[in-house]
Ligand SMILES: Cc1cc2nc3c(=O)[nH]c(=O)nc-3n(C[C@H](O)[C@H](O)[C@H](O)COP(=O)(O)OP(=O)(O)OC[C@H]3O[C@@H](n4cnc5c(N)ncnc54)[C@H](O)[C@@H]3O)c2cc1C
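First comes one chain, alone, set out as structure tokens in the form predicted alone.
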């Protein structure tokens, strides 16, 4: 059995981008495996009206190969709706249409295999990886790319009661609890929390009796979408961030958090306007409490209902809120994939995750020449853009170039407006030619 040059595990947008960029390369033998029957992107949280927080030009391929047939613009043209999209979507692309686009790409690729759950990855005579699937398929590969995603995270007190009335927003569409006339608590003041609140408010005939929305932050802050902040989502910034000491990276990520975890300003405006309209036009129809600087610290059954214990971190006070449904919009975390169990002892990990190198390969103690790459698991080493869609094609290009051993796709020398590394390091094309002189010299 001839080994593959690269096997990808999990087919979300990241590995789908990799597959699309690898498709026209005859010198590479690739295979991408996923347990699902077809492409799905956060199916449990695909709410009507939700929009991408990035430009539709930041698709699977365009930023490294604008001529690719797998671009979003070509998707629109193929479906004969490019003009209507331009008129209708001045503010961006909906998540539903982005998922349609990804599904269209996945159906066009010959290297993607669905219904192929990977059960175990091991070594074959120290020369290749062996990938074993639940359907009996076995593959050998010289390189792996892990793209199996992150795991939803809930507060421990909520995880104990997880079920039809206590859930993570990632399963909202699957569980589909009844909201009409009930008391609902939404935990989390980020984009997912805001989209959940907007979803609850949009059901005119099925409005809850009350909504309590908790934010651990001061207020319900918008995402920082300003131009200079967006320079953090460029290749030049990733290359700068990689060179920093780990403690400096941690401090920067904390300071930059609102560039990725804030709420779209347009969504905040829509929620505020809807609450105002309900209060003015239908007073008493919906009680709402938006509580900042609050954390859910306990959750207990109270007969047929729930009792949420909330800590006010501003006043250091405790309050109990009755509820019928609690939705935790509390994010995701990367976890060690179970299928990598046989290789665990060779893969060093820090408290923050894998040790990820420049080309997104893992530092490991296995045989030289075999490499494992990661998608969406390198924020601690490559910066705030890593979980974001902005650099998906650039990261895929870096991985492909590394596997090929030469630069098939351009990934360096991208200019940014902000300069991070000293005079001229990443200056724009029209930057003045500054030169440093030694102190004391004229």
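Numbering follows the first chain given and starts at 1. As the structure is a computational prediction, the values presented were derived from the model and not from experiment.
This next part talks about the form predicted in complex with the ligand, which is not shown.
Among the residues 416, 63, 28, 35, the one placing a heavy atom within 4.5 Å of the ligand in the predicted complex is 35. Checked against the ligand in the predicted complex, the candidates 357, 216, 116, 165 yield a single residue with a heavy atom inside 4.5 Å, and that residue is 116.
When the ligand is considered in the predicted complex, residue 272 lies well away from it, no heavy atom lying within 4.5 Å. The closest non-hydrogen atom of residue 409 lies beyond 4.5 Å of the ligand in the predicted complex.
A residue is said to contact a partner when one of its heavy atoms sits within 4.5 Å of a partner heavy atom; residue 237 fails this definition for the ligand in the predicted complex, lying far away. The ligand is not shown here, and in the predicted complex it never comes within 4.5 Å of any heavy atom of residue 179. Taken together, 51, 54 and 389 are fully in contact with the ligand in the predicted complex: each brings a heavy atom within 4.5 Å. Partner contacts here mean any heavy atom within 4.5 Å of the ligand in the predicted complex, and among 116 to 124, 343 to 351, 155 to 163, 208 to 216 they occur only in 116 to 124. Heavy atoms closer than or equal to 4.5 Å to the ligand in the predicted complex belong, across 223 to 255, to no residue whatsoever.
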